[in-house]
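Next up: just one chain, as structure tokens, the form predicted alone.
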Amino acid sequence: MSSMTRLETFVNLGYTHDPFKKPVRFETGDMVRCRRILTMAVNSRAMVSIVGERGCGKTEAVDSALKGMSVPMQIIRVQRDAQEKLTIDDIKTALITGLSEEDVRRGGIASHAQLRRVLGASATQKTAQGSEHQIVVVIEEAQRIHSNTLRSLKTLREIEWCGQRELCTIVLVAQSDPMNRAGVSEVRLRSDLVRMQGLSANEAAHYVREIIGTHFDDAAVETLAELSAARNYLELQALCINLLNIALADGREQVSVEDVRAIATPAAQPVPRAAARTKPAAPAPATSALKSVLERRTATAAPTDGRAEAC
């Protein structure tokens, strides 16, 4: 049987849109950790890296944490098509254009002075309640950023305005620790790190029930949630699609616990005992092989007198 595509599977189940595109409406343990640490980071205008494998929910956790804060803030997102080519000038440009309506001045000294003025004025702005305006710079795919750009973040954070330094918070979102490389030790010492843990079994089960729970019986959900791949949103979604394909091929619209067990413990191919015990013979050296051929030819060409050779 050929497996159906993701969208074809949902069409056959009667959906008009991909249910996995809906935002997660419950708070995971990773979201709680990110909110607590990012709240501290914003209040301290610190630099922090949010690290986790692809599909574990880093961006959603960061967005949820920042949106849930009560402090007035402006979020500046910095990203290029080729993130490995991101430079400190790109970050400066994003800050100037994001915090003002000014055109970026040309020249390193002129643009730096402009950034200092724009960033300083925005960071020291007070609300009616006396709270300071927070500037948060979010950089995605930070594991691809060049070491020179990472080192330049230290200089960016040292910009001073009216006696204040560290005028903004920097959040690096990455699949691996962006500071785990040579030449950025000074930046590492001035930053913090949060490693995403992924979904717990209870969170994975809740996610499946909320999104497509009508197509899974309870035992199937509980068994699926215990699999190691269920720690990751994307891998969990792929598992669900695979299981729904299996059920549809069998004429059902609900996944059973037997379906989950079948993909969790696929039948191993039996290995013949003789093959398992016997090691393949090593190939004969070229000289030995040639000698054997010559001996056979000599034996065939040798004259015989008709008498049987004694055993």
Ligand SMILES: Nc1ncnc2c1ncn2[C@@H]1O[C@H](COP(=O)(O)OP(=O)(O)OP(=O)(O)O)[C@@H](O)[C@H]1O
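One-based numbering along the sequence shown. C-alpha atoms forming the largest set that superposes within 1.5 Å between two forms make up the rigid core. Small disclaimer: the values here were computed from a predicted structure and weren't measured.
Not pictured, yet referred to below: the form predicted in complex with this ligand.
Remark: residue 15 does not count among the residues lining this ligand in the predicted complex, judged by a heavy atom distance of 4.5 Å or less.
Looking at residue 44, you'd find every heavy atom of it more than 4.5 angstroms from this ligand in the predicted complex. In the predicted complex, this ligand sits within 4.5 Å of a heavy atom belonging to residue 31.
Residue contact with this ligand in the predicted complex: residue 56 places a heavy atom within 4.5 Å of it. Remark: of stretches 35-43, 242-250, 56-64, 256-264, the one touching this ligand in the predicted complex is 56-64 (heavy atom within 4.5 Å). Contact with this ligand in the predicted complex, judged by any heavy atom within 4.5 Å, is made by just one of 75, 193, 159, 234: 234. This chain is displayed alone, yet in the predicted complex one of 210, 217, 141, 90 has a heavy atom within 4.5 Å of this ligand; that residue is 141. Taking this ligand as positioned in the predicted complex, the residues of 14-36 that bring a heavy atom within 4.5 Å of it are, in sequence order, 20, 24, 25, 26, 31. Core-superposed comparison between the shown form and the other one: the C-alpha position of residue 14 differs by less than 2 Å.
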